[in-house]
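Heads up, the chain below is alone and in the form predicted alone; it's given as C-alpha cells.
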C-alpha cells in the first residue's frame, strides 16, 4: 500500500501527515508514506484544494484534514477493479 499526502507544507498538510502516521502505527501496517509538495505533481491528481490524501494512486480525500480514525477506515482492505 502506498499513501501520499498532497500539500504545500501548510499547517493542515502537516496535521494530515501526522494523522496518517498515527493511523498506520495504530493499525500496525507497513506502508510507504510520501509527502508531495510540488504543485505540478499535485495538479496531476486533479486536486484543486489541499491537503489531499491519495491511497494506491486514488484520491480519497481533498480540502480537509481527516482524523486518524477516518484514515483508519480508509485503510481497510479494499478490492480494486
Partner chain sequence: MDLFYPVQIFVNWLVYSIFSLKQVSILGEAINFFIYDSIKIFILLAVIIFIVSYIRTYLAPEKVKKILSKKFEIFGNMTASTIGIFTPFCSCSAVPLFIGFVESGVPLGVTFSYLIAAPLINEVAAALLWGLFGWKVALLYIASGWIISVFAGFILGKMHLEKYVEDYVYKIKIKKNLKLEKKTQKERAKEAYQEVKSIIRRVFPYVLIGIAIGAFIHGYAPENLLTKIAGKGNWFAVPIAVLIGVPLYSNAAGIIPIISSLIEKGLPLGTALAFMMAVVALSLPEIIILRKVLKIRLLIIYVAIVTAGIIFTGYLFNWIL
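What you are looking at is a predicted structure, and each value in this text was computed from that prediction instead of being measured. Positions refer to the first chain, counted from 1.
If you look for the form predicted together with the partner chain, you will not find it shown, but the lines that follow are about it.
Peer 1: Any of the heavy atoms of residue 29 lying within 4.5 Å of the partner chain in the predicted bound form?
Peer 2: Looking in the predicted bound form, residue contacts with the partner chain do not include residue 29, since no heavy atom lies within 4.5 Å.
Peer 1: Verify the contact flag for residue 64: yes if a non-hydrogen atom of it lies within 4.5 Å of a non-hydrogen atom of the partner chain in the predicted bound form, no if not.
Peer 2: Residue 64 belongs to the contact set for the partner chain.
Peer 1: Does residue 34 reach the partner chain in the predicted bound form if we count a contact as any heavy atom within 4.5 Å?
Peer 2: No, residue 34 sits far enough from the partner chain in the predicted bound form that none of its heavy atoms falls within 4.5 Å.
Peer 1: In the predicted bound form, is there a heavy atom of the partner chain that lies within 4.5 Å of any heavy atom of residue 59, even though the partner is absent here?
Peer 2: Residue-level check for residue 59: yes, a contact with the partner chain.
Peer 1: Could you pull out the residues of 13 to 40 that have any heavy atom within 4.5 Å of the partner chain in the predicted bound form?
Peer 2: 39, 40 sit within 4.5 Å of the partner.
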